[in-house]
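This document starts with one chain, in the form predicted on its own, laid out as structure tokens.
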């Protein structure tokens, strides 16, 4: 996962090592890729979905929700031999400031690795990836084609950071954008950078995040699964080892926080929507 543990010590853990992991397949339910040119120019699709993502980020900032995070190591018999588990409520305090409240956090039983600051950052902000108009300039975005995810028709783009700045995390991977709503519905890839220096390895598994439409307008993250075998090279006093990691994060109980702030969707005030939730695409 992040920090390799050995001889009673922990290594600090985090950037791109091509051979630092082996991924697990997570694309069940995806249709055939149509690589023909879209009717709308890819640059216009990118501009429009980035604008929608900015609207969504603003809306999300006014919602409370529960996040259940589970990080596990898996042994050679495919059994869990260590686990980090935490339930947090993302809420607002009495002054209206956004905060996180730990609801349940049993003893951490991870032994072969330990959690690093970048792991917690990925759980909080990386896995529920949002690509806004303000941030899209930091990425190279390449049109791949059209593909169905379950019954949702999507545009597909590969994204990679142009420059990696210190202490920042970026997505290196692929996104699926609903062809009608022009919002991200699936994200697949890795959060980078990893740190592959010996005695200072911080590695992270690839992941996939699914969104669902929960308020009739926006697609909210509902489920993340990350899994892969991380290849730690070891170092002085540490043996090289492979660690099979599995992350699952669930996001539930979205509720709009009482506020005088208006939420605008396609130029209309949707601060008090009455539409029922939709339930697609379904996570695997």
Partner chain sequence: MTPTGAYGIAAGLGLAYLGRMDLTLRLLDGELAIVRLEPRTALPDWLSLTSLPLVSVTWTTEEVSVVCAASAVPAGLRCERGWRALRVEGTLEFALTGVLAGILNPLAAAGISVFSLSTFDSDYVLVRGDRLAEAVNALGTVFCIEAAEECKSDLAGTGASGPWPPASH
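Owing to the predicted nature of the structure, the values given are computational and were not obtained by experimental measurement. Numbering follows the first chain given and starts at 1.
One more form of this protein exists, namely the form predicted in complex with its partner chain; it is left out here, but the text below deals with it.
Is residue 111 close to its partner chain in the predicted complex, meaning a heavy atom pair under 4.5 Å apart or at it?
Answer yes; at least one heavy atom of residue 111 falls within 4.5 Å of its partner chain in the predicted complex.
Does its partner chain come within 4.5 Å of any heavy atom of residue 116 in the predicted complex?
Although its partner chain is absent here, residue 116 would touch it in the predicted complex, with heavy atoms inside 4.5 Å.
With the partner left out of view, is residue 71 within 4.5 angstroms of its partner chain in the predicted complex by any non-hydrogen atom?
Taking the distances in the predicted complex, the answer for residue 71 is yes, it comes within 4.5 Å of its partner chain.
With the cut-off set at 4.5 Å between non-hydrogen atoms, does residue 241 touch its partner chain in the predicted complex?
Heavy-atom contact with its partner chain at 4.5 Å: present for residue 241.
Counting only non-hydrogen atoms, choose the one of 166-174, 182-190, 149-157, 74-82 that falls within 4.5 Å of its partner chain in the predicted complex.
Answer to the contact question: 166-174.
For this chain shown on its own, do 102, 197 and 201 all sit within 4.5 Å of its partner chain in the predicted complex, going by heavy atoms?
Yes, all three are in contact.
Scan 232, 63, 218, 251 and let me know which has any heavy atom within 4.5 Å of its partner chain in the predicted complex.
The option sitting close enough to the partner is 232.
Which residue, 245, 50, 59, 222, is the contact with its partner chain in the predicted complex, using a 4.5 Å heavy atom cutoff?
Here the answer is residue option 245.
Within 4.5 Å of its partner chain in the predicted complex, which residues of 206-224 have a heavy atom? Give them in sequence order, or say none.
Heavy-atom contacts to its partner chain in the predicted complex: nothing from 206-224.
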